[in-house]
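Just one chain is shown here, as structure tokens, and it is the form predicted alone.
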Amino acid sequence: MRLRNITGSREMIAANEYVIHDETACKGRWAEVFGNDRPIRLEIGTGKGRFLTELAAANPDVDYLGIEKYSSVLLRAVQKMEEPALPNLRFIRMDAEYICDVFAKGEIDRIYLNFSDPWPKDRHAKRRLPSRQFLERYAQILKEDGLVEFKTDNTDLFDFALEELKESAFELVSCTRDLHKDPLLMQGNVMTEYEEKFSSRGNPICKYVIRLKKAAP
């Protein structure tokens, strides 16, 4: 994806009340940030924010956080939810590599990975969000019954993601290689901008849901 830099986006993000600016100070205190003890769900790579904004509007009893690395992209997400403002949605501009510096053990209820950068070169495999390296990070911040939901139209990335599960603390809950023809997994499905574009072209959407393996009794 080619990113168009927006002049002043960093300054606008820094001044926005819906963006958390001292995220490491919130570690273990996210319930205080939101002012309640509701479940907290995290989208990594929130893009322009359509997915998370729709989820937050439809589920006022759940709190949502969106992580985005690029200011110009995050600015669009913030602008999307300002009218009307959603009290259960906040954003963080950061690199997902450092999520364990921002969230404590068991602080996150669910993680969403939507149409993540495939990083196609082999030497960049550990940067892929469904890689074993990132799965290890997710395991450190998820609740015991927490879930990770991953969607992509990239079949090579999906194959990679399934292989990486074998080397992780996670197990498969559900899986499909054609989401829009799977009535069970389509229940409550919220489309991202990419999902709408790719599915309109006839591209099948792959999805899995995974959870931490339960310890043996």
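All residue numbers refer to positions in the sequence shown, first residue = 1. Since the model is a prediction, treat every value here as computed from it, not as a measurement.
This protein has a second form, the form predicted together with S-adenosylmethionine, left out of what is shown; the following refers to that one.
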Test of understanding: in the predicted bound form, would Trp30 fall inside 4.5 Å of S-adenosylmethionine by heavy atoms? no
Verify the contact flag for Asp95: yes if a non-hydrogen atom of it lies within 4.5 Å of a non-hydrogen atom of S-adenosylmethionine in the predicted bound form, no if not. yes
Is there a heavy atom of Phe158 lying 4.5 Å or less from a heavy atom of S-adenosylmethionine in the predicted bound form? no
Answer with yes or no whether Tyr70 is in contact with S-adenosylmethionine in the predicted bound form, where contact means some heavy atom within 4.5 Å. yes
Tell me, out of Val102, Leu89, Ile108, Leu129, which residue has a non-hydrogen atom within 4.5 angstroms of S-adenosylmethionine in the predicted bound form. Leu129
Proximity to S-adenosylmethionine in the predicted bound form (heavy atom, within 4.5 Å), stretch among 61 to 69, 178 to 186, 165 to 173, 30 to 38: 61 to 69
Can you name the residues of 109 to 132 that have a heavy atom within 4.5 Å of S-adenosylmethionine in the predicted bound form? Asn114, Phe115, Asp117, Leu129
